[in-house]
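Below you will find one chain, with nothing else, as structure tokens; this is the form predicted alone, and questions on how it binds or moves follow later.
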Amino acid sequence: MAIEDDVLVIGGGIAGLSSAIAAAETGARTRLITHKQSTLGNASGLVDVLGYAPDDDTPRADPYDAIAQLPAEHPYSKVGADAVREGLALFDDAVGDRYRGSHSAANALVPTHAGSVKPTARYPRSTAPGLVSDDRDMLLVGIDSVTGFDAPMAADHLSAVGVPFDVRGETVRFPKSFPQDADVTRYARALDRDESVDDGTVREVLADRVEAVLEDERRVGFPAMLGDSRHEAVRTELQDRLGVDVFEVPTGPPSLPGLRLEDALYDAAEDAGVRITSGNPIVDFDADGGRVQQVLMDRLGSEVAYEAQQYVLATGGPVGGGIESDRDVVEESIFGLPVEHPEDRYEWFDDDVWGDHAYTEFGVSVDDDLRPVAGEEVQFENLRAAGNVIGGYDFATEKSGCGVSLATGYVAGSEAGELT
């Protein structure tokens, strides 16, 4: 016998979570099924709506200005600017005061670990003192044993792009030694626990070493490693000891801001009443009369059926596993939905590694209700898509990934819930 719900969301990333929360808030009995850990742990933790318009290298001050000019196949054109605002409102309610940026419709400018400036709509509270619009001088501090953040280089790059303040970079030694393959989570745990070292504790000694290189700067940026479960306490203590604002610079995977965001959204989903089933993949489905009847989960070699009135597909793009390809074909991975792509696979890529690669826009086509289509034919009446499984946009170039996920997740989830 199948396990029954009103709405079934497949996928545990930001699109799936926002879909599930939106569906649950309509009163629908909602389940989220996720196979693997989401890609949020590989993301910066920043929530971008639209940093750059297509074919325009100029950062967008107002992300909503450009939405009306986007191509018809772009997900934002399908759902409209109001859905973007509603998706962000859902996000703000879910994460509470962990994030900043809701006071304004304009993008904020956040320094990255590479020393570039990223336009973004929402940013963690721990990032806020580092905004580029703030004209206070800045010291960036790298840790010699932590790769992925070269503070002097990042400072040079920020100076080169013309930020309105002086910025320097220094590298210090972490108070405690770890194996060479230790990632930032080990450093974060040491700061969470404030582990003992010869001259005190890791927080005390780290503050002493930074104070020794601090000049007249009024804010200090570290790579995003300042604690995990107790990161606000770590940052507050460093601020108190240094007497200046302390902030985190988003870094690459594993990304503590991304993992913190994942935890916050799962907590919000559970608070909304979403039932979460994790650890096993959906591998097949049954359909009849143009509707999905049930999906089948592979649980240790046995198939378990899950049945719902409405389904939301939020399994991600090629990176998340929602879109699969071989040498000849590209298609969606569960329902076999068609994905438009050039017949010649050599046209999937550009010769320039930094060029415009066609594969970045691979995904399913949808109608205005986010139902997957082939041509103009709706594939299943009760299936909607959300997030990066939808094609027609390049989230990496546009800096629009989380915004599309939130907007389409909100629309797909709320419409699915209202139909039950």
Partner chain sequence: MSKQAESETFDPVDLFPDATDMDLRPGVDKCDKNGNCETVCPVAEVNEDFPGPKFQGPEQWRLTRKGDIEFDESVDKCLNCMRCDTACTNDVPLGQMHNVARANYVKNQKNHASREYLRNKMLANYGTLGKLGSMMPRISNAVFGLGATRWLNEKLLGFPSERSFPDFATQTFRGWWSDRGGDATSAERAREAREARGETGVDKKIAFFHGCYANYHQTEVAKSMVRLYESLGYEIVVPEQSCCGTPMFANGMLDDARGVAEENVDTFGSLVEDGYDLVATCTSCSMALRKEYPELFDIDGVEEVASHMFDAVEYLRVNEDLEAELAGADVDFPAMTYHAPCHGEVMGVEGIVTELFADVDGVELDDTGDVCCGLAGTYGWKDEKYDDSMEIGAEMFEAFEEAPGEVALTECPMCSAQIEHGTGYEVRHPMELLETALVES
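Since the model is a prediction, treat every value here as computed from it, not as a measurement. Positions refer to the first chain, counted from 1.
One more form of this protein, predicted in complex with the partner chain, exists but is not displayed; see below.
Please name which of the stretches 282-290, 73-81, 307-315, 180-188 has residues with heavy atoms lying within 4.5 Å of the partner chain in the model of the complex. Selected range: 180-188.
Though the partner chain is not shown, can you say which of Asp267, Glu195, Asp93, Glu215 has a heavy atom within 4.5 Å of it in the model of the complex? Of the listed residues, the single hit is Glu195.
Given that the partner chain is left out here, which of Lys176, Arg209, Arg168, Arg98 has a heavy atom within 4.5 Å of it in the model of the complex? The residue in contact is Lys176.
Ser365 versus the partner chain, in the model of the complex: is there a non-hydrogen atom within 4.5 Å? Residue-level check for Ser365: no, no contact with the partner chain.
The partner chain contact at Pro254 in the model of the complex, heavy atom, 4.5 Å: Yes, Pro254 lies within 4.5 Å of the partner chain in the model of the complex.
Indicate whether Thr39 is a 4.5 Å heavy atom neighbour of the partner chain in the model of the complex. Yes, Thr39 lies within 4.5 Å of the partner chain in the model of the complex.
With a 4.5 Å heavy atom cut-off, would you call Leu419 a contact of the partner chain in the model of the complex? No, Leu419 sits far enough from the partner chain in the model of the complex that none of its heavy atoms falls within 4.5 Å.
Suppose contact means any heavy atom within 4.5 Å; which members of 16-37 contact the partner chain in the model of the complex? Heavy-atom contacts to the partner chain in the model of the complex: Arg29, Arg31, His35, Lys36, Gln37.
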